[in-house]
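Form predicted alone, single chain, as structure tokens, below.
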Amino acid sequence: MRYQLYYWPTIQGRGEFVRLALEQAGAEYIDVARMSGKDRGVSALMHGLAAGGTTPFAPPYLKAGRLVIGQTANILLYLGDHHALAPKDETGRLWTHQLQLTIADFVAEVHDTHHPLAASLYYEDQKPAAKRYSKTFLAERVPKYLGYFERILKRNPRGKRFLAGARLSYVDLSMFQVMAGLDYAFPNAMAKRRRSYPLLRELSARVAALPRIAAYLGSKRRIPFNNDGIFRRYPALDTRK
């Protein structure tokens, strides 16, 4: 089966968590909005959103045969079950999904560093609020979230290599994306905390070295970080303090 991924064509965003899972699974997929031709690009997203009885709220969504699956964590739950990217037992699957939902909460807070007032406003329209929000985010929220995931790795009864169980899961791929995004958006703040999360750093390095992920990261399929996505580099928001 060839999957069809629907997401914005010029940003990593939430769709990147799905792309990483598809790449590691070695799954055949089409990144529909990035294709050229009629009914591609953004129009493909809008057409897909208007069709079907299980219409998703917004991208990303994945077409798998007759299934249309929306919400990043929900898509990953499906891919984890079908491509050995999640534990096989129910407890392990739910735990992996729970961790992914926590990552989703964190990603939402990352987005709010540059859009704390309204998503409909430009960053330039909310700079003072963004600076205040980011200061608290870096001082309080980053240590809270990353500290939690560092402890999860440390306490994993199956070893400290992965977040859920003894094997790689989609949540490990997502954690890599979070760490890479934070390093891009807040290089000064993350450099200050580089030694605070050794297990997360080791996990990220292992994920980046996986043959399929390494090939993807070095390919044109990987959209570079930019200031239109979730992780944005605005020097005024980054601080070592």
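Sequential numbering from 1, following the sequence displayed. Treat the numbers as computed from the prediction; the structure is a model and nothing was measured.
Below, we refer to the form predicted together with another copy of the chain, which is not included among the displayed structures.
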- Query: in the predicted bound form, which of the listed residues (I152, L85, L138, V107) lies with a heavy atom within 4.5 Å of another copy of the chain?
  - Reply: I152
- Task: Answer yes if any heavy atom of R132 is within 4.5 Å of a heavy atom of another copy of the chain in the predicted bound form; otherwise answer no.
- Result: yes
- Message: Does any part of W95 reach within 4.5 Å of another copy of the chain in the predicted bound form? Heavy atoms only, please.
- Response: yes
- Contact test in the predicted bound form: P116 vs another copy of the chain, heavy atoms, 4.5 Å: yes
- Message: Considering non-hydrogen atoms and a 4.5 Å limit, does another copy of the chain approach L77 in the predicted bound form?
- Response: yes
